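This document starts with one chain, in the form predicted alone, laid out as structure tokens.
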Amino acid sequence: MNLILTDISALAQKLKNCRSAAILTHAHPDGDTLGAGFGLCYYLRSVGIKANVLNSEPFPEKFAFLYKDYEPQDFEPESVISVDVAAQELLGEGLFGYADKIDLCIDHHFSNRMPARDSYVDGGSCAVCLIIFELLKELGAEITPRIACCLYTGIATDTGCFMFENTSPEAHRAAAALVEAGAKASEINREMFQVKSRGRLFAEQKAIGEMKFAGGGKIALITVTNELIDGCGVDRADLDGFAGIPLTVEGVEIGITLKQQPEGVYKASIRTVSADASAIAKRFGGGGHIRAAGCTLTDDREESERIITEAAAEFL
């Protein structure tokens, strides 16, 4: 039976009943899924509950400050919790064995379709880390500097350093409280939004040089191929944030980034000013938020660029 939890107190009660947990994060992890995963993990461990954070891939070096000194614990989890995972396939191949064993799903995507036993989905929240922050407040938990850094990272990255439309007053208040609790905001913001590897800069230069426009200049699209990634010597995890590049062009209302995966398909990230990004993504079996969504395209580059651009043009 799938139970939808509608208030934070019900979610808190689920955590109180937890004895040990495997916390699942989505493939190609970002700051929100890892920040929520490790923030929740450190809290559970602080109250004597065994917990591990799992991902299909090695944790990206970019987020090493979140898992410094983290060591997996040896236990058989009684509970499986997913954070920031809107659908089973987003777990990735390495965690797909957990796909039908999830006891609790905590997410902020309106399009969530995870078949968990219990789900808490707040589509109005800018980040799952904001949900975890509210959850810990409800539990009366001590937010240590380590937890604060984790939760601040997720809120900052999912709001584009508080510049995206989803940035709410609650996000600002939570960020202030987390800084007061010890989050190193300036260091995190620099690491997440300013520092780039040489490979990343070369990849940006190449992708921007091949940017395409449609819809009278209101749609911008960049494509990141496996060839480009290999040629620039850039780590895939270092490409986080590419999705925001097309929308930085003056006059663009829909920005699309196609990122080729090792198996050849293209992951499309859609960012918009006023159009419904989730509706565009839904055309191709994807989903997400109103201003930020994604989907997978299985055609070759030329065809993928054509169909996603034509679909986007209908929403101008």
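One-based numbering along the sequence shown. Note that this is a predicted model, so its numbers are computed, not measured. Between two forms, the rigid core is defined as the largest C-alpha subset superposing within 1.5 Å.
Another form exists, predicted in complex with a further copy of the same chain; not displayed. Remarks below refer to it.
The closest non-hydrogen atom of A175 lies within 4.5 Å of a further copy of the same chain in the predicted bound form.
Shown alone here, G97 lies farther than 4.5 Å from a further copy of the same chain in the predicted bound form, counting heavy atoms only. For the chain shown alone, V80 is not a contact residue for a further copy of the same chain in the predicted bound form, no non-hydrogen atom being within 4.5 angstroms. In the predicted bound form, no heavy atom of I49 sits within 4.5 Å of a further copy of the same chain. Each of R198, L247 and V273 places at least one heavy atom within 4.5 Å of a further copy of the same chain in the predicted bound form.
Proximity to a further copy of the same chain in the predicted bound form, defined as a heavy atom within 4.5 Å, singles out one entry of E227, E89, E142, E165, which is E165. Exactly one of the stretches 143-151, 107-115, 80-88, 183-191 approaches a further copy of the same chain in the predicted bound form with heavy atoms within 4.5 Å, and it is 183-191. In the predicted bound form, just one residue of 217-231 lies within 4.5 Å of a further copy of the same chain by at least one heavy atom: G217. With the core held fixed, the Cα of C161 is displaced between the shown form and the other one by less than 2 Å. Fitting the two forms on the rigid core leaves the C-alpha of A64 displaced by under 2 angstroms between the shown form and the other one.
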